[in-house]
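Consider the single chain below, provided in structure tokens and representing the form predicted on its own.
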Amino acid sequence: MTGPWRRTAAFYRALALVVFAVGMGLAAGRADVVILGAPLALGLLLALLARPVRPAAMAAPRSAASVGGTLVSRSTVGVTTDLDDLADAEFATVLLPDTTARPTGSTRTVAGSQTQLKSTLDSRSWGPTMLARPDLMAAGPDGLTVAGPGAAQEVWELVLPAVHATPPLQLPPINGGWAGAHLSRRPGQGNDLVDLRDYAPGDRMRSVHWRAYARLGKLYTRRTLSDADVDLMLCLDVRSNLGPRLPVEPASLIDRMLASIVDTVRLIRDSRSERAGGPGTRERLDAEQRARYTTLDHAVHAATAIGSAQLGAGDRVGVMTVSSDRRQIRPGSGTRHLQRIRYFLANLTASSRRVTPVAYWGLRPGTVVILCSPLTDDAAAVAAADCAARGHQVLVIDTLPGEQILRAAGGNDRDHLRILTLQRELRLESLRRAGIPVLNWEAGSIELQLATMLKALRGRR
């Protein structure tokens, strides 16, 4: 809200000059000096007559922003700003939200008769996000009265995490299931050939191996493993939210001016690169945003991508947190269930409580467990090993942005971080030796990492 209307310094300076000119002319008996102050006095009088003389009688202008529709991160959002009580203003200046063209925000000056502004912004983050706060400043006739600057009410909206395109995971053969996209350990109708057996009456003709008949002159029937679907539980370790150290925001006026100049130079470089066919402002901002991702960001992105891919493959997917304040969505299927998962992830926050024992997770027999954790202590590794000991297939996704943390760390912290990284690598290696695949979400291509790791595990056997 802007404050009440008030006189500006220009009003008092103009009044002082008129009084001074008239007083000096009358005191010196110089009519020409009085005539020189007449235009200034006439302009001041006309400005005062154009609007109410008393600022207290003028309604204070207001601004309010609104955003409509379901919001998804890394998408363009339309923001409508309503301006009220601008009848007493000749023009108003509004500070609009950040945009792709100018990350530091944009300022627009409008006439007092305009009542609505439309702008766009990029919602790059997920979760409860402040999308708009249109600060307003209004000026009266000839700039003699002003209201503001003042901050409007903040607009907070729940931004859903975007779905990263990821193919379904090719899991090892699973127990149970009757139809689906995964290989089962149970013999049945499927595409994975096990061996051949002699033909018996009652076997279907489409299961006859005709190449073997042509070679040996005897009927053989193919034995295959059936396809199956799975119950997949995404277990999120949100006990900490670790990320790279962010640069300090400039505090002094000179530092802010230098930061603005740097932003302008970057925009010029981006526009030239975009005209030459290279990356532009959007790509640069996306890269800067990815460099600031924390463990919670990686966990949410991994859960959204894997959940969407497995639901598309016909699996039943659930989500839960492994801390003592356990929150859970039971396994389900379909597009509406994906929206339910995304709303659950959008409201996710870090919790510093301990890990709940696996016996209280409520996992059904045969459930595939995907544990998303930064693995900064032994609790998550012990939980993964316990799940594997109970007969569940376990995949661990490492959500720690280790490279970005080391890159942003100072010289005094790097040695300490290297020691912690070495301890964590030993923890990861112990999981791999136990036959639990560990995938790194920051490295990308988790389906390729999983295929390579499963191939290595088969080679050991």
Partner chain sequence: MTLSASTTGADPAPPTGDGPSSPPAVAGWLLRGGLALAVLAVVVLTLVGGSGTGALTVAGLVLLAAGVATVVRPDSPGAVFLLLAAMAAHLMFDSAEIDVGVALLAALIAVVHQLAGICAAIPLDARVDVSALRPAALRLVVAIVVVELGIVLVTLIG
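For clarity, a rigid core is taken as the largest C-alpha set superposing within 1.5 Å between two forms. Residue numbers count along the first chain shown, from 1. None of these values were measured; they are calculated from a predicted model.
One more form of this protein, predicted together with the partner chain, exists but is not displayed; see below.
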{"item": "Which of 68 to 76, 353 to 361, 285 to 293, 370 to 378 sits within 4.5 Å of the partner chain in the predicted bound form, heavy atom basis", "value": "68 to 76"}
{"item": "Selected contact from P279, P365, P250, P167, since only one has a non-hydrogen atom within 4.5 angstroms of the partner chain in the predicted bound form", "value": "P167"}
{"item": "Heavy atom within 4.5 Å of the partner chain in the predicted bound form - residue from R342, R239, H298, R124", "value": "R342"}
{"item": "Contact of L450 with the partner chain in the predicted bound form (heavy atom, 4.5 Å)", "value": "no"}
{"item": "Contact test in the predicted bound form: M24 vs the partner chain, heavy atoms, 4.5 Å", "value": "yes"}
{"item": "Contact flag, P128 vs the partner chain in the predicted bound form, heavy atom cut 4.5 Å", "value": "no"}
{"item": "Contact of T107 with the partner chain in the predicted bound form (heavy atom, 4.5 Å)", "value": "yes"}
{"item": "Every residue of P201, L406 and A443 near the partner chain in the predicted bound form, heavy atom within 4.5 Å", "value": "no"}
{"item": "C-alpha of G444 moved at least 2 Å between this form and the one not shown on rigid core", "value": "no"}
